[in-house]
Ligand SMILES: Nc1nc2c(ncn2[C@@H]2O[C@H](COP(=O)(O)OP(=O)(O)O)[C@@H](O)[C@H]2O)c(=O)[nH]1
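This document opens with one chain alone, in structure tokens, the form predicted on its own.
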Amino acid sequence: MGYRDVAKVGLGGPVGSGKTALVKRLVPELVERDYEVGVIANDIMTQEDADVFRESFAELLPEDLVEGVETGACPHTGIREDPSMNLAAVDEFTERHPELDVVLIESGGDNLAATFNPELADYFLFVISVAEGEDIPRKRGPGVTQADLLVVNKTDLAPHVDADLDVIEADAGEVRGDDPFVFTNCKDAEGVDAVLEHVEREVLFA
């Protein structure tokens, strides 16, 4: 069995937007729903995020279903221009675990232009933080406009950074049209169920 036989969900977004926190919330929920899950963390030259996942998921996932990919270049290189290292990691997952249902692939922190190569991700989540400013959706970066699901995270910080969630909601609706977006606070797991609902419906039940 090869990498084309397993669902692949990409998570991109700027540094600090909450990608790692979202993965840490999604994996236990997916496991509880009896899905077999693999996780790949991309970074330029470290295994830091992968090590976080290995520790967090030690009781949930086999050790060989958590992998760190060191791109050695800008994070988008490994998820868009040349996804071969990530695809090789997915392929290794499926060879070792033929019943694997889904692989979550986290990009290293990137800018609003980060998108996933369609060969690498069947479904693409783009995560932004309200702490980055309420004008992020209006900037219309490819990540914001092209993602299958836009995740507006850290809603709990809105009052502290003068961000108006109503403005963000209106702008996100305008720039994304009929494409969905959800608000989350991964610190308290608010909105995570909505993300799961989209992933299950569009990827795992497709």
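Numbering starts at 1 and follows the sequence shown. Fair warning: this is a prediction, and the values are worked out from it, not measured in the lab.
Below, we turn to the form predicted in complex with this ligand, even though it does not appear here.
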This ligand contact at K187 in the predicted complex, heavy atom, 4.5 Å: yes
V167, heavy atom within 4.5 angstroms of this ligand in the predicted complex: no
Partner proximity in the predicted complex: V192 to this ligand, non-hydrogen atom cutoff 4.5 Å: no
Close approach of L157 to this ligand in the predicted complex, 4.5 Å, heavy atom: yes
Option touching this ligand, based on a heavy atom within 4.5 Å in the predicted complex, out of E67, D148, D49, D171: D49
Stretch 10 to 25 - residues with a heavy atom within 4.5 Å of this ligand in the predicted complex: P14, V15, G16, S17, G18, K19, T20, A21
